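Form predicted on its own, single chain, as structure tokens, below.
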């Protein structure tokens, strides 16, 4: 399993993913779930993936090399806008399903993949999409400024309570790290290291990209202070009469 979260804020994007994948309790590996396409002064596209690793890697490979969409072959480097990029990923998902779906079914393996696509292409706005296993997708809005995929339930409460479209990027970084820390504490199928990326609107370049390990002092400070704050808040609650 995995956990990925993306915030689409007025100032830009904050994207975070873990790296754990496992095929049993004695076979745990580390793979990056974050794929980045960056062309200076033209586009920044970031894909986060959850589900079957082989499926998600095949989808991203097709999206990079090219897939036919509406009669023409498009790739992550050539699509004209973010909506077309989301269409491209959906088409890549359906192509992989057409190639492998039957064989997976014969081995009782479900076609399990979900993707987050965030970024900006020159001439378009900063946008965030969630792509489903059927290849269809939805877009984040000012009313719903974040998406999660994978093991999302543990990290969702803090986002529901705090994230707004006008949340600034620095606050967004703290929020996704708290959300990830809550997930790490409650689910062993999500694990360090984690990949963080921050994109500032209209910059057309990555503002921050960082691999966070268990030795990272900032993440450790966030986790410890959040735990302490929760304990203090609990103690301050009034007793029932």
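Numbering follows the first chain given and starts at 1. None of these values were measured; they are calculated from a predicted model.
Here the subject shifts to the form predicted in complex with a further copy of the same chain, a form of this protein not shown in this document.
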Just give me the single entry in 67, 35, 50, 178 that has a non-hydrogen atom within 4.5 angstroms of a further copy of the same chain in the predicted complex.
178
Of these, 94, 122, 165, 156, which has a heavy atom no more than 4.5 Å from a further copy of the same chain in the predicted complex?
156
Does each of 139, 195 and 205 have at least one heavy atom within 4.5 Å of a further copy of the same chain in the predicted complex?
no
Would residue 227 sit within 4.5 Å of a further copy of the same chain in the predicted complex, counting heavy atoms only?
yes
If you check in the predicted complex, is residue 210 within 4.5 Å of a further copy of the same chain, heavy atoms only?
yes
Residue-level contact is defined here as any heavy atom of the residue lying within 4.5 Å of a further copy of the same chain in the predicted complex; does residue 109 satisfy this criterion?
no
Would you classify residue 102 as touching a further copy of the same chain in the predicted complex, given a 4.5 Å non-hydrogen atom cut-off?
no
Choose from 112 to 120, 126 to 134, 166 to 174, 82 to 90 the stretch whose residues reach within 4.5 Å of a further copy of the same chain in the predicted complex, heavy atoms counted.
166 to 174
